[in-house]
Ligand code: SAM
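In C-alpha cells, one chain follows: the form predicted on its own.
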Amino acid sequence: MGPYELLKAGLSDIFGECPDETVESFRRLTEYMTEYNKKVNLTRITEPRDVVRLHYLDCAAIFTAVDITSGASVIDVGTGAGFPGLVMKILRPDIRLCLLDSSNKRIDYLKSAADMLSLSGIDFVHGRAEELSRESAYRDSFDFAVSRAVAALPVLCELCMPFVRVGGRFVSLKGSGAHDEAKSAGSAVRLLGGEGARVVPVTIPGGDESHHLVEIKKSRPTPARFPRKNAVIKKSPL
C-alpha cells in the first residue's frame, strides 16, 4: 500500500470516509514541506510514508479520542511545522485555529503553507507561550489547547492550560511514557485548574509505535501567578 492509500484508509477509519480532495491536500503539503525543509528546519521526517504515518495519522488520531465540537477554538502551542494544528484544520475546516510558535521562520512557513492550501480561519502568532497567555486576548480564551511538543507534561501543562477556558481541555500527544508523565503531572494539573488526566492509547496504521493522547479538563481558572517565567518553569517544574 502506497503512502496516500494508507492515508486514505487511515482517515476513513477515523471519519467514516476520506474525500480524494483531502488526500490531495496532504500530498501537496508533503511536497511543499519537504521542499521548504531544505531551507528551514521543520522536520527530520521526510519520507512520504513516514510523514503520513508519524505526522498526519498521528495528529488525526486526536479526533478518535476527543470530541472537538463544531466551530471550536483551538490553539496549537509550539506548533512547529503545524502538528497537530494544521492537520486538524485540513480535516476540520470549521475549527477556529491559532498556531503559536517561538520561531518566526516556522510561522512564515505555516502562513505560506496555509495560503498554498487556501485555508482560512487561522491566526498565526509568533511569540512565547508563557508571555502570550498573560494577555487578555488569549488567556482563558480557547475551547482546546493542543501540543505535540517534546517537553515533559508538567511543563506543557503550565504553558498550555492558561490558554484554556473553564470547561475546555488541554490535549497533549505523547509516546510510550504517557502514563508515567500523567502521574508526574498530577500536582501541576491541580495547581493549574485541571481535573485529572485521561490517557488514551492510539493505534497508527502501518507500524507498532506506542502513541497516546493525554486529555485534561479545566475545571477552574488558572491562578494569576501562572505561568511563571520560562527559566523558572524549566528549573523547577510543578
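Each residue number is its position in the shown sequence, starting from 1. The structure presented is a predicted model; accordingly, all values stated were derived computationally and were not measured.
Below, we turn to the form predicted in complex with this ligand, even though it does not appear here.
- Just give me the single entry in 87, 153, 129, 74 that has a non-hydrogen atom within 4.5 angstroms of this ligand in the predicted bound form. Selected residue: 129.
**Report entry** in the predicted bound form, residue 92 touching this ligand (heavy atom, 4.5 Å)
**Finding:** Although this ligand is absent here, residue 92 would stay clear of it in the predicted bound form, with no heavy atoms inside 4.5 Å.
- Do residue 149 and this ligand come within 4.5 Å of each other in the predicted bound form, heavy atoms counted? Flag for residue 149 set to yes.
Hey, in the predicted bound form, is residue 83 touching this ligand, heavy atoms inside 4.5 Å?
Judged by the heavy-atom cut-off of 4.5 Å, residue 83 is in contact with this ligand in the predicted bound form.
Please check if residue 159 has a heavy atom lying within 4.5 Å of any heavy atom of this ligand in the predicted bound form.
Yes, residue 159 lies within 4.5 Å of this ligand in the predicted bound form.
Legend entry - Which of 113 to 121, 164 to 172, 133 to 141, 74 to 82 lines the interface with this ligand in the predicted bound form (heavy atom within 4.5 Å): Selected range: 74 to 82.
(message) Need the contact residues for 60 to 76: heavy atom within 4.5 Å of this ligand in the predicted bound form, sequence order, or none if there are none.
(response) Read in sequence order, no residue approaches this ligand (within 4.5 Å, in the predicted bound form).
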